[in-house]
Structure formats: C-alpha cells, structure tokens
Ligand SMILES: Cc1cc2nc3c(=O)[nH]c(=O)nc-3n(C[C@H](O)[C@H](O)[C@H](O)COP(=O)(O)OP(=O)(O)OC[C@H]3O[C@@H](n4cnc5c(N)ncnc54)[C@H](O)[C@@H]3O)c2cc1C
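Next up: just one chain, as structure tokens, the form predicted on its own.
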C-alpha cells in the first residue's frame, strides 16, 4: 500500500488496473510527481494489467492491434527505446508490438514510475456521493463501496475500468434442452487452453469481430472444424477506427460538432461493429481453403435446440446446421445508465446521457462531482478511439489538466 494514505480516506482513487489506469497515472506523475503517494488503484485482482493479460492469454492473441507509439508511457517513443534489441517482436505492416513485448514494457513502466505497490485488491461495487449536512447537499468527495462492506472516501475518483457488458443475443436465453455448460458460452467466458476442444469437434462461432477470428484460429489449431456466422459480411480493417480519428483530420470536426446525438452516432459508425485485421482474415481464408473453416454471412439464428449431444441450429433463412459447441462473440455494449456502479451518482448528480454515453465536461469530469471517466464512457469527448490505447492517452491529458487545475 502506498505510504501517506490512511485506510479510510485517500486523495485520488483509480478504479481499474489496466492500460488506461496506468496511462492516466503516468501522465499525472509527469506533471505532479509529489502525487505518487496520494494515488491508490483498486482492482479485484490486486495486480497491474491482470484483466488485459488474462484476455490476451484466453484468446491466444499474438500482438496488439495498435502501433508501437500507443502505450501507457507519456513519451511516445518509449516502447521503441525499450525494444532496442527486440525489434523482431514488432509485427508488420505498422510495427504492432507483440503481446509479450508489450507486457514486459508495461512492467518496466510500472517499475520506472514507482507504481509496483499501488494496486490494492478490492472490487468497487458502488460510487456514492458523501453527505455533508443535509439530504440534498454534498461535499466534494465520493465514497467507494467494496465487497464485503468496506468503504473508503476519496477526494477524487478516476474510473478506468472497461464498463462494457456482454452483448447477448435473445436466442441464447431461449436455448432449448438440458445442455452442458461448455456447449454454449459467451466469448468473455472462454479460455482456449481450458475448453477441452479436440479433433473432430464442430464449433459454431457467432460474430464478425477480431475476437471471433482469434477463437476460430485457436479452435482449428486444436483439431476442430469451425463454422463462422455473422449477420453481415466479414471484412478487414487494420484498426478499430480509421487512422484519421487519431488526430485532427477527423477529430477537429468531431470536437466542433455541437450535437451530442451526432457525436454518439459518429462514434458508433466509425467503429462500425466488428472487423478483422487483414492478417487474421487472410489466415481464416487459408483455413477455409483447407476446409477447416466455413463462413456463413448475412445469417442470423432463429433457434437452437440441444438434443442427442449436439446443437441443431435453425437460421432465419431456413438453413439448418449441427454443431457441438456454440461460442458467442457478439461483442459488448456500453450504457452508463445500466451500470450499477454509477446508479447513486446518477441519482444525485443527474447528467445528460446520449445513446448510453454520459455527457462529461472537457476534462472528462462528471458535472457536479469529482468523478472522471475514461475508456468507452468518454466517447463523446475523446472520439471513436476512446477505448483504445490512443484514446487512453487523449483522455489522460484531459484528466491530468483537470486534476492539476483542481489541485
């Protein structure tokens, strides 16, 4: 535990210990080094980057989708400097850092900025305004509630968690038959090395995003035959959003747009649902030529029935197929109004919400209270790359400016 903090009250609390959390803290410390011992990070794992590492390991992802200049350190070329003798771990065509290289670099960032002991194990279940002297007035602090019942007060809070919830199609809840738990899973539940996939298994993967591609490649490598189904065509895109969204080319007009509705629509259209990188789609097409993967595009499921130890899948088109497992890789959705962590803050500090995005100020602060949001929830201010490493940097610059001004 960082020194200078009591167990009951802290200055800056950061919720989440992933790349966004690490990015915002290094940006704060670059401007105000003396704040190091006044920051505490809360995460259920008690470790830096645990969820990120778990996800990359679960899907056996070989490298990042973001180029080497996007990372948690404030200095853009820090990763290149760190990889001086490991340039073979960058992947073409945009110098995408390998997973192990990026993980090692983040470890170095944590050590260099003196943050090894800053993550406290704790699952934050509630953010609640602190009462001052009446039921309707609050001072400038927030109370964090933890399982099993512990509470701490923070003068300022930065939410750096993902915030998205799995997007589950309706037909999942309507599945018929008494099926085993490993026969139907959402991607968030899948760990390729632990699924027990074997030669001859037939796996149906729903979704057109990069996760579906990683899962398909992993299943085929274990001897399975994979059917990939999506309600659209599978298409390739190097990045989640076009590179123009990383700078003024697109962002200048986006930030000048006065309508929050228009901005929200632009964020969603720029990301345009799921896409596959050229490298992954090329690999899948090769597997298709080898008859180990089949594509079922513009296809949606009407019903699934578990019978005789297999799924019978009825499609809207009338097509019927059988498989042994169904993996649902239909992504996630963001809606601040449906996230239980923010229920109390919404009640006491109502703010405008547009298509699930909260309307924050320029420093990504929740109007009326000392709560800052980054990641997808900052989409209206940061733009379509808010969830990505580049968005983490943009959000960190804004939040740091706000904290310093407040301090």
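What you see is a predicted model; the values in this text were computed from it and never measured. Numbering follows the first chain given and starts at 1.
Keep in mind the form predicted in complex with this ligand is missing from the figure; the text below concerns it.
A.B. asks: To verify the annotation, which of these, 29, 64, 369, 360, has a non-hydrogen atom within 4.5 Å of this ligand in the predicted complex?
C.D. replies: The option sitting close enough to the partner is 64.
A.B. asks: Only one of 65 to 73, 29 to 37, 345 to 353, 360 to 368 has heavy atoms within 4.5 Å of this ligand in the predicted complex; I'd like to know which.
C.D. replies: Selected stretch: 65 to 73.
A.B. asks: Is there a heavy atom of residue 17 no more than 4.5 Å from a heavy atom of this ligand in the predicted complex?
C.D. replies: Yes, residue 17 is a contact residue.
A.B. asks: So in the predicted complex, is this ligand close enough to residue 394 to count as touching (4.5 Å, heavy atoms)?
C.D. replies: Contact check for residue 394: no, nothing within 4.5 Å of this ligand in the predicted complex.
A.B. asks: Under a 4.5 Å heavy atom criterion, is residue 123 part of the interface with this ligand in the predicted complex?
C.D. replies: Contact check for residue 123: yes, within 4.5 Å of this ligand in the predicted complex.
A.B. asks: Please check if residue 162 has a heavy atom lying within 4.5 Å of any heavy atom of this ligand in the predicted complex.
C.D. replies: Flag for residue 162 set to yes.
A.B. asks: Check each residue of 297 to 331 against this ligand in the predicted complex and list those with a heavy atom within 4.5 Å, in sequence order.
C.D. replies: Nothing in the stretch sits within 4.5 Å of the partner.
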